[in-house]
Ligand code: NDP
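Just one chain follows, in the form predicted alone, and it is written as structure tokens.
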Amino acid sequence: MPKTTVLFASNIDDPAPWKALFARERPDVEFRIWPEMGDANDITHALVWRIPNGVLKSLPNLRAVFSLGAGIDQIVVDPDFPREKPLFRLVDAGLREQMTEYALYGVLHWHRRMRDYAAQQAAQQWKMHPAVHPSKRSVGVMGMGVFGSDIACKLASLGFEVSGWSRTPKSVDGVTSFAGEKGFSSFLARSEILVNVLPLTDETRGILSTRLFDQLPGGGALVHLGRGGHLVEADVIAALDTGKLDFAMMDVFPTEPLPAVSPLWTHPRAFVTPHIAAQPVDDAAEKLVIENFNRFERGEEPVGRVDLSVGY
């Protein structure tokens, strides 16, 4: 029986813990680290965050690809990605809790006017602003999958008026559901605070644009932790400049790292973070990957299979 060989490739992850994981849990598996690939014919599985275009296609005996994150955009951006091969993503591994923490922080940061109080502290100014009950704040969550549903549920539990929008109808207690193109404008019109956790598809690419911002009530906030390809940077800057958006907290961008020349770095209404909304927790990520790997090898269905026809 041919030897099982995993190729690890990432420009952000330390390969050492992953090599130790396979040595401990699957000592029968050979573990190679890109670019020291060796004979391409040996590679049967790929554990990837990012790998140069064309490499995966060049592996004739590749059986499956496992993403090192919840996203797969950085993998399928490869025009030669072998779409016939099964691709699995990390659907949790501690990511859900972090995404919800980030979204709640962004919502509460604007809701409780913490940006204003930070400016007042710098100016040594003691001034109270009127409080607003969360039931008077409407929050819209775009993307009602595992992450979005949890975010919406937690916001509703805090008393916010929460709506959710998704490609197909979803039911979450305490959340008003909108779906598809038909419900999109109505959803946006009631979203004073907009939280984006959509997957990146052909339909959602560039969705955070002037066309969308013009349908919001105005003067509210954006919390963007979906995918970099959703954001039209010039349009969000224009919305912040004109006051269409009062605040934008953004974790992902079309170009990363965010270029030093981007006005978002110093914009007084922008809060920039370096793609940290959800980082795989080592133990949880390792456990999920090795369980998925073993399931696949046993002929069982791993968690997180990607449907490339819809993009997630």
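Treat the numbers as computed from the prediction; the structure is a model and nothing was measured. In this text, residue numbers run from 1 along the sequence as written.
Another form, the form predicted together with the named molecule, is not on view; read the next lines as being about it.
Remark: of stretches 155-163, 70-78, 103-111, 125-133, the one touching the named molecule in the model of the complex is 70-78 (heavy atom within 4.5 Å).
In the model of the complex, at least one heavy atom of residue 251 sits within 4.5 Å of the named molecule. Proximity of residue 275 to the named molecule in the model of the complex: non-hydrogen atoms within 4.5 Å are present. Heavy atoms of residue 85 never reach within 4.5 Å of the named molecule in the model of the complex, leaving it off the interface. Mapping the unseen interface onto this chain, residue 140 falls outside it, with no heavy atom inside 4.5 Å of the named molecule in the model of the complex. Interface residue among 183, 217, 145, 229 relative to the named molecule in the model of the complex, by the heavy atom within 4.5 Å criterion: 145. Contacts with the named molecule in the model of the complex, taken as any heavy atom within 4.5 Å, map within 158-182 to 165, 166, 167, 168, 170.
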